[in-house]
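Have a look below at one chain only, the form predicted alone, in structure tokens format.
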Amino acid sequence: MKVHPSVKTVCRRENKTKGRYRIRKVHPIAGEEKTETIYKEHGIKIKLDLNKTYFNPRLSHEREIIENKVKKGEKIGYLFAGVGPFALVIAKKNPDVEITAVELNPEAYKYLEENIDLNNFTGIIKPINEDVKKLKGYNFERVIMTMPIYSEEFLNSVLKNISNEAIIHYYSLGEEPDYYEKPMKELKKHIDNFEVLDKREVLNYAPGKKEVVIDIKIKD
């Protein structure tokens, strides 16, 4: 805090995410006793409470990769949206898209709505406080599945809500020596025909484990 006078609070974080909403709690150890903050990235503002919502600033580069893959006018399903970081970054660069941001955690959903207003993206991002498994009647052209631990559980629901030749960004946890073996098996179990457009390592998750993403295009 002496080196960086703008810092008002310093927190110690717990080692693991816990519970249904993957919260990794923090404990203030210096400065103001608060856990709500505004994080800035790629020209947008993200308001959140670290003890009520999931958020990972280390995914900043991955969000930038996705924003550059999005095409003009796409209908995008952003699942497990949390406070909305992927949607916000995409909307900043691609204001002509339609993003449906789905989040179950009521606390995260509250911040998602607030962040849409904070960044003037009303009409571009539509928030929904819902379980992904209950989605009906959508025709997404691109789907972002940012829950690597349980992603396979939601694939059947996703497949019911996409257009022909839709693109899916499938995040999962892979293990040594081939980090893509497990997620590829999951995809092949549920999808008969698809093309792999890209795959990349996203984060180190644990010894011998990494979060990876496989970008696929559904084929008839």
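Sequential numbering from 1, following the sequence displayed. Worth saying up front: this structure is predicted, and the values here are computed from it rather than measured.
What follows is about the form predicted together with a small molecule, which we do not show.
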Q) Taking heavy atoms only, is residue 194 within 4.5 angstroms of the small molecule in the predicted complex? A) no
Q | residue 132 within 4.5 Å of the small molecule in the predicted complex, heavy atoms | A | yes
**Q.** residue 20 within 4.5 Å of the small molecule in the predicted complex, heavy atoms
**A.** yes
Q. Quick one: is residue 77 in contact with the small molecule in the predicted complex, heavy atoms, 4.5 Å cut-off?
A. no
**Q.** Site check 140, 167 and 170: each within 4.5 Å of the small molecule in the predicted complex by heavy atom
**A.** no
Q. Just one of 89, 116, 99, 81 has a heavy atom within 4.5 Å of the small molecule in the predicted complex. Which one?
A. 81
Q. Residues in which of 143 to 151, 118 to 126, 91 to 99, 68 to 76 have heavy atoms within 4.5 Å of the small molecule in the predicted complex?
A. 143 to 151
